[in-house]
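Shown next as structure tokens: one chain only, the form predicted alone.
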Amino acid sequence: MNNRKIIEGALACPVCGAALSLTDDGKSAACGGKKRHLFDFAAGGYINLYTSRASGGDSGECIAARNAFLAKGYYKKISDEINLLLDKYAGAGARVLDAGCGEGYYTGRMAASGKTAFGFDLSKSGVNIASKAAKRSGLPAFFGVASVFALPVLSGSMDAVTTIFAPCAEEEYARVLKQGGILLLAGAGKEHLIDLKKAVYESAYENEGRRDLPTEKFELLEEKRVTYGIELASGEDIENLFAMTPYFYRTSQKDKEKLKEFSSLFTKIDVELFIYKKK
């Protein structure tokens, strides 16, 4: 599949809301509105559909750390469970939007499992990495720069939306999903990375769980918890894992230095999955 052609019938102009289509030369996407707004593909294969001049999303350092860590397969079980649930509720060939996709690890594995995937994130560096990886592998996936609260996607065009450790924009997700479409949320369980936190903090607290679960537009179908242990095999893996967590930015340099004492570390993975259906 030509990754650029999958935008047909899926993407909307972020300026006027009209449908986006591939231009004849394949280098851009243009809308069908009166002003025919035009958006060029970047060298990496993605399109910037974020209309604000302000930058956003995770830093390049955070994205690089997460990309290196996830490539080792430590979170493969989480990804596998997400794909199984999408197969169960949305269908193996579903059109899925991964909101807040970051570097595209989960999005790419959705596409590899037979789904047509769309990934959006505010981080240009993350979307660039994701798009290049999809292009190399020939996966049916499109990536774009956009906010999850203002998705450049046609209403009712998606079979499923996933938000994996990313914000839940309930109104927007309900808009882009077809009637009866599926919303899958993933968040940290109470003991997620508890051993890693114990290595850094004198008093390691449990996570509170997601506090932004949908309440009006969706009905809950299933809750699932994915728990297992991982042995981080190197100091680099330990530091990359910590760098991709929200704890990194709230931790003093002195406490961060504690991780340099470890050449390996066991920690628990505890992730909660919530599956909803659009009412």
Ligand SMILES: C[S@@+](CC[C@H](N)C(=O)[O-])C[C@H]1O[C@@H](n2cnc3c(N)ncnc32)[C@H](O)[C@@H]1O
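One rule holds for the numbers: they count along the sequence shown, beginning at 1. None of these values were measured; they are calculated from a predicted model.
We do not show the form predicted in complex with this ligand, though everything after this point is about it.
Chemist: Here the chain is shown alone; which of Leu196, Leu177, Ala146, Leu85 has a heavy atom within 4.5 Å of this ligand in the model of the complex?
Modeler: Exactly one residue meets the criterion: Ala146.
Chemist: Please tell me which of Ile63, Ile238, Leu49, Ala29 lies within 4.5 Å of this ligand in the model of the complex, judged by heavy atoms.
Modeler: The residue from Ile63, Ile238, Leu49, Ala29 that makes the contact is Ile63.
Chemist: Can you check 225 to 233, 249 to 257, 54 to 62, 39 to 47 and let me know which stretch has heavy atoms within 4.5 Å of this ligand in the model of the complex?
Modeler: Careful reading of the contacts points to 54 to 62.
Chemist: Could you tell me if Ser123 has a non-hydrogen atom within 4.5 Å of this ligand in the model of the complex?
Modeler: Yes.
Chemist: Look up in the model of the complex whether Gly119 has a non-hydrogen atom within 4.5 angstroms of this ligand, and give yes or no.
Modeler: No, Gly119 sits far enough from this ligand in the model of the complex that none of its heavy atoms falls within 4.5 Å.
Chemist: Please determine whether Gly108 contacts this ligand in the model of the complex, using a 4.5 Å cut-off between heavy atoms.
Modeler: Flag for Gly108 set to no.
Chemist: Although this ligand is absent from this view, report whether Cys101 comes within 4.5 Å of it in the model of the complex, heavy atoms only.
Modeler: Cys101: contacts this ligand in the model of the complex.
Chemist: Using a 4.5 Å cut-off on heavy atoms, which residues of 258 to 276 contact this ligand in the model of the complex?
Modeler: None of them.
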